[in-house]
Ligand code: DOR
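Take a look at this one chain, the form predicted on its own, written out in structure tokens.
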């Protein structure tokens, strides 16, 4: 018999579940954390890491990504995306159903799970998508973190924008419903109103704050009617944040992306269509209201909405340019840089990017550094700043809206299930994550 694989991390600044820091050691064995202490006297560890000067955090759980496989692998695939995750300190992800074929039944879900088992360096879970006529699949699909509904910014089967059909989905079953909340009727009307304008900045006017607010109001109304577990994806407006501040049932959660916190409509002038995403970037005032809502707990956690497109696709003139931007490699560094700037604390970042996500989706043994938890960890350097460089990115699209930004908190070492998957710029592509479970 082979002895169990063990890892000893020495001399790290460890963030504990209560948000306090401990200078000490962490021992992992067989994918789990077995001890956290100021000093661990263990000479049997298979691998030892000197973490002096580094901060040890739980691995990031990114609860909204679009990794493009199957069907759109020219943009990204599960292997390249999970490499980017490892480099960014992301040890688990939840992926969306708008692939080809769509993830709308058990067979498509099983196909993704099989692909991920073969390709993914980090842990994975996959949403099931609502079409309006696949209710049996929505009720039976397993394992999945929940049902994804595109209320707008979508075409084809995944667009579910009629209130009666939405209500039928909310009325059946108990599984979490995650909504892309934009009002398609308003978007259609405003597309006609602003037709012919090729300035990508018009995107934020076409899909305006009101389009987001109307859809969020409807989702909230249906959730309250059926007391149905609701999660509002990538909340982008101060209007929605203020709505939830006034009226947020205990079973409703919301997320915000780093880009909706730190980018705004001024980015169009600088990076053009690379700033185009759904829902769009908003005003500096929206940035501030979202930050406050996040700090106050009105917004519960962070997701990237990693949605890569090639530079060639993005170079098309608006409105032919696709919406979406990559984010898994930069999200932790962007948020930790914000913490260093005083916008929040490191402990808050850990809660928003790990602990609160695990709680909201019922992912057991994730999101904290304590005995019994899974050994999904990231060592970060909070003392060094480095720029985002296109040539260093591992995402297949090879660009970032944060190119040139000088960030701190970059991952030095990323650990998945007690195995080192990324260390000082080098990937261990032999590591494989596991399918997440949801309770």
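For clarity, every value in this text was computed on a predicted model and none was experimentally measured. Positions refer to the first chain, counted from 1.
Absent from the display: the form predicted together with the ligand. The rest refers to it.
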- prompt: Looking at 253, 144, 104, 98, which has any heavy atom no more than 4.5 Å from the ligand in the model of the complex?
  reply: 98
- request: With the ligand left out of view, choose which of 231, 309, 112, 228 has a non-hydrogen atom within 4.5 angstroms of it in the model of the complex.
  value: 309
statement: In contact with the ligand in the model of the complex (heavy atoms, 4.5 Å), from 390-398, 372-380, 64-72, 32-40, is stretch 64-72
Contact label in the model of the complex: residue 170 to the ligand, heavy atom within 4.5 Å: no
query: Does the 4.5 Å heavy atom contact test between residue 282 and the ligand in the model of the complex come out positive?
result: no
query: Looking at the partner-bound form in the model of the complex, is residue 293 within 4.5 Å of the ligand by any heavy atom?
result: no
query: Just to confirm, residue 361 within 4.5 Å of the ligand in the model of the complex by heavy atoms?
result: no
query: So which bits of 175-204 sit within 4.5 Å of the ligand in the model of the complex, heavy atoms only?
result: 180
